[in-house]
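A single chain, nothing else alongside it, follows as structure tokens in the form predicted on its own.
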């Protein structure tokens, strides 16, 4: 059964990489890496301080090198958690609905491959292509900045895990909506809604006073405890990069549980779906 699984996985990777969104993501990642390679110069003094120039323009004299490096890597972390996940969801939004199209799904289920295996390969292929893009950007910039500065910030590498887990949770939800509706734009909009409302749910205690009925507060609490914590995971990735104190690591376990439970539900839906 591994050969058909790998064949579907490989096909999904090729289909995903052919999309212009992923090609644009890869191009942006390469540009960012080249920017740090050629345009950033650090004139290190006593291993602690540095004069910094970008494109030949001096930015500041005698700044703390370690702080500058971690803040620069923190900026990339913010870029990845916001723009990177946004682009990745856009590029993968049609993977499941396209699988359900008449003719395509018939070709898949006609082969001696179980339905859970088909969906798992498709789902995993979408995650892998995003992981390749994000890992490429983080590793390339980490190596370049570290070699130039001598500051090897391991926290920047650790920030990769909450970013990938956040995308995995959102993509699992998008798969759920896609299986029910077979509509890529709808699944994308509802997934973006989770990202948009996550900061509001994190501040739900301040919203309670504005609500006219107690049932709305129960609804907010329910959404908060069920949905993945995007705002908290974004903050966690920054804390890892900046080496700040970690007090909310539990959101990773919550996201992993969300992926596991909803992933099993997706397999049941796909198994019972009539084609």
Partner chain sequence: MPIIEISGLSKTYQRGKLRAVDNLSLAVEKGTVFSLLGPNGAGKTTLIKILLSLTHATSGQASIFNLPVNDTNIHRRIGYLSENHRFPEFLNPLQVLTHFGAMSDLEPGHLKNKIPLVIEFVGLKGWEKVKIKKFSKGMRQRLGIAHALLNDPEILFLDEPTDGIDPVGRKEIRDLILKLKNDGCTIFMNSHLLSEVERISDIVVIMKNGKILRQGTVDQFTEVQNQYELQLQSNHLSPALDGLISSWNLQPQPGLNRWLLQTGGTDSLNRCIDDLRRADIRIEALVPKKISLEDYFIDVVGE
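In this text, all values refer to a predicted model and were calculated from it rather than measured experimentally. Positions refer to the first chain, counted from 1. We call the rigid core whatever largest set of C-alpha positions still superposes within 1.5 Å between the two forms.
This next part talks about the form predicted in complex with its partner chain, which is not shown.
Of the candidate stretches 158-166, 139-147, 108-116, 187-195, only 108-116 has residues whose heavy atoms lie within 4.5 Å of its partner chain in the model of the complex. With the partner removed from view, the residue among 200, 104, 78, 180 that has a non-hydrogen atom within 4.5 Å of its partner chain in the model of the complex turns out to be 104. Proximity of residue 24 to its partner chain in the model of the complex falls outside the 4.5 Å heavy atom cutoff.
The shortest heavy atom separation between residue 11 and its partner chain in the model of the complex is within 4.5 Å. Residues of 132-150 that come within 4.5 Å of its partner chain in the model of the complex, judged by any heavy atom, do not exist; none qualify.
Core-superposed comparison between the shown form and the other one: the Cα of residue 17 travels 2 Å or more.
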